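Only one chain is included here, represented as structure tokens and corresponding to the form predicted alone.
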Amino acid sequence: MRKANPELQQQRRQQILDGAERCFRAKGFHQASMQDIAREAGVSMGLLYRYFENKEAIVASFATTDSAGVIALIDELAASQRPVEFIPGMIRRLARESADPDTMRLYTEVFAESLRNPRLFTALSESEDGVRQAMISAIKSQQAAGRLAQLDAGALADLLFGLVDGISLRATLVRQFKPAVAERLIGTMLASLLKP
């Protein structure tokens, strides 16, 4: 009996995810069918269903991958000797990654769909909860080291992620919005708020 090749499985999984992302960007989450995704990924329907039972499972996999990248950045925050200076740069980086119009369109559509689809909502919420908890832990660690103000860690985590979401959305939708100016102002405001 032939053994599964983990490397090949990972390549196939990524091939499907890449195809699904192209398909979602072109057609939107709601309009893209599993057949469309299989065609775009260049795989059979049987192979597609071997890896993902439905579109919600594909989006949950996207969320997990995105979360891993954000958590890696949060780990850098936890290790930083100068978190007051690190946090504005972290917000800037996350906001710029999200502000691409195609990315924002896809995020917005998936979020809207999650409000109608309880299974998708649960998958996205669990992913967001993991990122939030990582941020709270990093903040508490820096507070314990005396490098951040003793503010409510949960509220601060929510505020920081809210800034990322707000900058990304305004940069996408409002032509007059100048992200660089807003980022400088946010950096100044956060410096005074976060200093121990």
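Note that the structure is a prediction, hence the values are computed from the model and not measured. The first residue of the shown sequence is 1; numbering continues from there. For the two forms, the rigid core is made up of the largest set of C-alpha atoms that agree within 1.5 Å on superposition.
Another form, the form predicted in complex with a further copy of the same chain, is not on view; read the next lines as being about it.
- Candidate site formed by Thr108, Leu151 and Phe161: every one of these residues places a non-hydrogen atom within 4.5 angstroms of a further copy of the same chain in the predicted bound form.
- Proximity of Leu169 to a further copy of the same chain in the predicted bound form falls within the 4.5 Å heavy atom cutoff.
- Using a 4.5 Å cutoff between non-hydrogen atoms, Leu47 does not count as a contact of a further copy of the same chain in the predicted bound form.
- For Leu156, a non-hydrogen atom is located within 4.5 Å of a further copy of the same chain in the predicted bound form, even though that partner is not displayed.
- Contact check for Met104: a heavy atom falls within 4.5 Å of a further copy of the same chain in the predicted bound form.
- Shown without its partner, this chain lists Gln133, Asn54, Ser33, Thr64 as candidates; in the predicted bound form, only Gln133 has a non-hydrogen atom within 4.5 angstroms of a further copy of the same chain.
- Interface residues of 173 to 189, taken as those with a heavy atom within 4.5 Å of a further copy of the same chain in the predicted bound form (partner not displayed): Leu173, Val174, Arg175, Gln176, Phe177, Val181, Ala182, Leu185, Ile186, Met189, in sequence order.
- Annotation for Phe161: C-alpha shift under 2 angstroms between this form and the one not shown, rigid core superposed.
- With a cut-off of 2 Å and the rigid core superposed, Gly42 has a Cα displacement that reaches or exceeds the cut-off between this form and the one not shown.
- Figure legend: C-alpha atoms of Ala63 and Ala112, shown here, are separated by at least 3 angstroms less in the predicted bound form.
- In the predicted bound form, the Cα positions of Thr65 and Leu124 lie at least 3 Å nearer to each other than in the form displayed.
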